[in-house]
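First comes one chain, alone, set out as structure tokens in the form predicted on its own.
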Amino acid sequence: MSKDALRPPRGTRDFYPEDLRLRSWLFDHFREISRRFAFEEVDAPIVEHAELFIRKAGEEIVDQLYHFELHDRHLALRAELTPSLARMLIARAGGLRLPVRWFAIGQNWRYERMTRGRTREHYQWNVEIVGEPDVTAEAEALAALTSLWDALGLPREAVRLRVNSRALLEEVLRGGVLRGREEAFAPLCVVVDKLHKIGADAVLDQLADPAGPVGLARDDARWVVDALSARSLDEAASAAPPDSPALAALRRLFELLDAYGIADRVDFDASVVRGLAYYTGIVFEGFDTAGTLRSICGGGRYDALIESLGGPSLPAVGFGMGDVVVSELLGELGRLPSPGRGVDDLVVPLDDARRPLAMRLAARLRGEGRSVELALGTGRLKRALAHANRIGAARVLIVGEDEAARGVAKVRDLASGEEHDEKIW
């Protein structure tokens, strides 16, 4: 067997016990914040029909699919959770009480270029609110995100949210450089989403490429890039049409975020558009203020996705946050814990003759809900105590000849050093 076959494929990860304990710690926080905000957990297959993810706006995600033909079916590993959750909503659309508040923690696959914080598989916490057209849904989603960051121990000044509105951008462009060219808006957003990755000059070149999907005149492309530099609502308002609904929605969102006490953690940024074509309104991204990592999370309003997949017209807001980038950030800030194994008791028979009694004791303790490791060999007490410290056990229960004769185990509390006898049955 080749050496490559004995390693995980590039961009994927093995989770050894210590890694899985850390992942479980993170997932427990995802679930706890979801519970506090009254979201219900769902799940979906990791293999979907490929057409669920294939759209025609030039999104990178389409080229990054792990897809294959099997028994005349075109299938793909799940690249993101939102289309899967939308498919599930369509299946139950007639019987759901709106708004729906769902969350999921799922593994996703994209064949991406590897960089720091970017793997080819990752787990993602997705939160979706479906059936609510008002910006109260966006406010709820952003409050959940900041609550998660606080629960993880991220310093308030270390992470921020950037907010924009694709609806506002669309209003501005349709009244100007994209007048009569509605089909060019989605691919324009795909290009603009690369601004922080490839720079303004490269974005300008792609917007003005005559053979590209946008094909703006160079002066118009430069105007678009300049417009993306707006960093306040007042600045954005100067280009917005009179009585802009999108601008009004953004202003109300900041009022709601102020009521939640998190408006000071959110910035307006006209360059945030998100690279997925299905977003229709307010969009947002989380980022580390040091600027050393890619975005921590992202999401927004996608009022047309469910209908585009064949379902009813339902407004929706959602976000996804992967495990890789936030773990990188926590490690960089020294905030990653070292979760122990959580073993309560180590039961030690001092010889083979006492093993049946030790097994009976271990079975009783496990029946009481305790986590118990039974020493599988026999040996010196000193070695057993050292092993108990390594696994983080709270107690050691020793069954020797004298203890067995009295029907007890000697219990040593490793924190206090105190000892007492405990009945075996």
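Numbers follow the displayed sequence, beginning with 1. This is a predicted model, so every value here is computed, not measured.
FYI, the form predicted in complex with the RNA isn't displayed, but the following is about it.
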Just one stretch in 236 to 244, 221 to 229, 82 to 90, 106 to 114 has heavy atoms within 4.5 Å of the RNA in the predicted bound form, so which one is it?
106 to 114
Does D19 make contact with the RNA in the predicted bound form, using a 4.5 Å heavy atom cut-off?
no
Is the gap between R383 and the RNA in the predicted bound form 4.5 Å or less for some heavy atom pair?
yes
At 4.5 Å between heavy atoms, is Q206 in contact with the RNA in the predicted bound form?
yes
Does the RNA get within 4.5 angstroms of any non-hydrogen atom of K423 in the predicted bound form?
no
Would you mind picking the one in R179, R335, R73, K197 that has a heavy atom within 4.5 Å of the RNA in the predicted bound form?
K197
Contact at A158, D288 and G331 by the RNA in the predicted bound form, all three, heavy atom at most 4.5 Å:
no
